[in-house]
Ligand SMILES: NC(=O)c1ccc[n+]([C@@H]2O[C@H](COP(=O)([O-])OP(=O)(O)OC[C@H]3O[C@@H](n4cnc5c(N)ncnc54)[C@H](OP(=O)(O)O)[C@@H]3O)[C@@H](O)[C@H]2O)c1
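A single chain comes next, written as structure tokens; it is the form predicted alone.
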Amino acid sequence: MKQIKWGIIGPGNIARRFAQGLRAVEGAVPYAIGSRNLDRAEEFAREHGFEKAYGSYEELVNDPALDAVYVATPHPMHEEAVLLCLDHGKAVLCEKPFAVNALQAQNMIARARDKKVFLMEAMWTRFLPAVKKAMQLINDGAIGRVRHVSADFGFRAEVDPAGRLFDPKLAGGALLDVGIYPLSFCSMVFAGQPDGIQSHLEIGSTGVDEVAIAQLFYPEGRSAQVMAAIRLNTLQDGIILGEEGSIRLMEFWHAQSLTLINKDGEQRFDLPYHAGGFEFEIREVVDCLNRGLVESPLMPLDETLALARAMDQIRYDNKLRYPFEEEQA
């Protein structure tokens, strides 16, 4: 197995969790940090055991020893950082939401395919042992044909007009920040996208969506209901209803257990992890790179683009656009 030397662009809070995951994965080497503030990069490197620190993203991607980059900048900066990495031949794991709209996502995916460089959305939930166990049970027929999914992810934050969550210029709001989790969860379970969406956004005082609700309609009478919120605590459960049983993942987005109910009774599966949960998506990237893949079969780019389009539809149906977006038909 080739040792994959990792860099990080954007050494913020989520990058700290990612660094913890790196240390838990065989074949993943914490190597370099890139920030527009060299002092910040050096501090992060010292704290998390990275070999190098750079005061610009350009210096980072020009390091010939670097293999892969985790992009952890605020949402609107993803595209610029990802394209920079791809143009320098660096594999990229881009924090979710992958992009602020489908146009950006399409640009990033097209560049990766043109350059034949690995790119994946960092939907870490999909790779958790409990979530993979749920999918195994579904594929084994434990609950029969899946008919309905419900998933929610909400928390109550105090309104801060200058904060990332509440600033339209930073693509704040519930849908992009946490709505991607239940949408991606439904996409995974149904192995496809809805052919109809009905949605509602509650817009707060700063102009971002504080609550996002959507009904998703799939072929053959299947359906899903998703909810996201930044001003409302929710149960954060993922529930999958089949014709012969059900699966419940409590706090599905970082699940460590699930409950199966079917004709055989009720079973609980405990599948804990110990390095924060990011280690599983890192392992996926390391495995893909060692196999010579440029996309992950478990989080393919076509699905990432479809999810970006779904979020666009929800926003545009509710007349929500970010200040930096050009008008699109």
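Only a predicted model underlies this, so the values are computations on that prediction, with no experimental measurement involved. Throughout, we count residues from 1 along the sequence that is shown.
What comes next is about the form predicted in complex with the ligand, which is not displayed.
For the options Arg156, Arg145, Arg164, Arg113, the one in contact with the ligand in the predicted complex, meaning a heavy atom within 4.5 Å, is Arg164. Out of the listed residues Pro129, Gly207, Pro74, Gly245, Pro74 is the one that sits within 4.5 Å of the ligand in the predicted complex by at least one heavy atom.
In the predicted complex, Arg17 approaches the ligand with a heavy atom inside 4.5 Å.
Contact check for His88: no non-hydrogen atom falls within 4.5 Å of the ligand in the predicted complex. Interface membership of Gly21, defined by any non-hydrogen atom within 4.5 Å of the ligand in the predicted complex, is ruled out. Residue contact check for Glu95: one or more of its heavy atoms lie within 4.5 Å of the ligand in the predicted complex.
Only one of 45-53, 260-268, 30-38, 294-302 places residue heavy atoms within 4.5 angstroms of the ligand in the predicted complex, namely 30-38. Using a 4.5 Å cut-off to the ligand in the predicted complex, not one of Asn107, Arg309 and Tyr322 places a heavy atom inside that distance.
Taking a 4.5 Å heavy atom cutoff to the ligand in the predicted complex, the contacting residues in 1-25 are Gly10, Pro11, Gly12, Asn13, Ile14, Arg17.
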